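Only one chain comes next, encoded as C-alpha cells, the form predicted alone.
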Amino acid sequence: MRLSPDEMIFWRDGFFKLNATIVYTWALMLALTVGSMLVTRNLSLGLTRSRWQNLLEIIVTGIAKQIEDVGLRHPKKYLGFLGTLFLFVASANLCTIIPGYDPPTGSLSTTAALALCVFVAVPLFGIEEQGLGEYLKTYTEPTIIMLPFNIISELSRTLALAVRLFGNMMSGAMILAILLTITPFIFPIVMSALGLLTGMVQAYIFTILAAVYIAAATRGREPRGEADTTIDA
C-alpha cells in the first residue's frame, strides 16, 4: 500500500533520487502551461466565442470574484498568483482519475513548497502596497510587545497551510487504500468520487486562506473606490 508519491522511485544515484512527486509535479505544471497556451491562443473579443473561452472566462471571473469578496479590491493584481495556486491544487486532485497517478499534494514536500510560496508572496504584496517601512510597522501593532508573537504567527500559519493540505490529501488516499483491501470494488469507487470533491474543497480553502493573508498584509493603503473586477481577455 503506497500512501505517498515519495515512495515511488524512478531513478536513484547516491543521495539524489527522482521520485513520483517530482515527476508528477513537473508533468502537471507542463500540462497546465500547454493547456493555458492552447485555450488562450484564439481568444475573441466579439460575441462569438468558443466553448473553451466561455469556460475560461467563467473560471477566471469566479476566482476574481472570490478574491474580491475576501477583501482585495483589485483582484486582477492577485489573480495570477492565487489563480495558479487554485488550478494547481485542483488539477492535482482531478488527475487522480488517471490510473497509476498519485497527486503530488499527497507529499509533504509539495504542500510545504506551496505554503512557502504564500509565505513569500504575502510580504511582497504587502510591501508593494504599503512600502517597506509601513509594512514592517504592522508587526509591532498594537504595541512593540506583539513583535515576536506576530513573527511566530507568520511562521505557524505557513506550517498550518502545509500540514492542513497534506493531511487532508493523504487521509483520503489512506482511507481509499484501506477500503480497497477490505471491501468490494464498488464502494472504493464512491470514495474516490468523494475524494475528488474533498480535493476541490481543499484547493478552494488553500486559495482563500492565501488571499486572506494577502488582504491582511495589504490592508493599509487600499483605495476606497469601486473595485475594478474587469478581466482582460
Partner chain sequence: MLIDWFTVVAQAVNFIILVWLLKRFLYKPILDAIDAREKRIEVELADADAKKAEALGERDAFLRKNEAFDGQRAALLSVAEAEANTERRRLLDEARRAADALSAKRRQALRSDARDLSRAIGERTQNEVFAISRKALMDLATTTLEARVCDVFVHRLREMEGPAKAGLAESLKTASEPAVVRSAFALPAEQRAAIQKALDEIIGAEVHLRFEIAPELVAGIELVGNGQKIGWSISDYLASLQERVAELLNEKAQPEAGSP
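As the structure is a prediction and not an experimental result, all values here were calculated from the model. Residue numbers count along the first chain shown, from 1.
Another form exists, predicted together with the partner chain; not displayed. Remarks below refer to it.
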Exercise. Looking at the partner chain in the predicted bound form, is some heavy atom of each of Asn19, Arg49 and Gly80 within 4.5 Å of it?
Worked result: yes
For this session: May I ask you to check whether Met37 falls inside a 4.5 Å heavy atom distance of the partner chain in the predicted bound form?
Result: yes
Exercise. Is there any non-hydrogen atom of Arg157 lying within 4.5 Å of the partner chain in the predicted bound form?
Worked result: no
Problem set entry | the partner chain contact at Phe88 in the predicted bound form, heavy atom, 4.5 Å | yes
For this session: May I ask you to check whether Thr218 falls inside a 4.5 Å heavy atom distance of the partner chain in the predicted bound form?
Result: no
Seminar exercise, completed: Note: exactly one of Cys95, Ile127, Leu108, Met146 sits with a heavy atom within 4.5 Å of the partner chain in the predicted bound form, namely Leu108
Problem set entry | Contact set, 29-59 vs the partner chain in the predicted bound form - heavy atom within 4.5 angstroms | Met29, Leu32, Thr33, Ser36, Met37, Thr40, Leu43, Ser44, Leu45, Gly46, Leu47, Arg49, Gln53, Leu56, Glu57
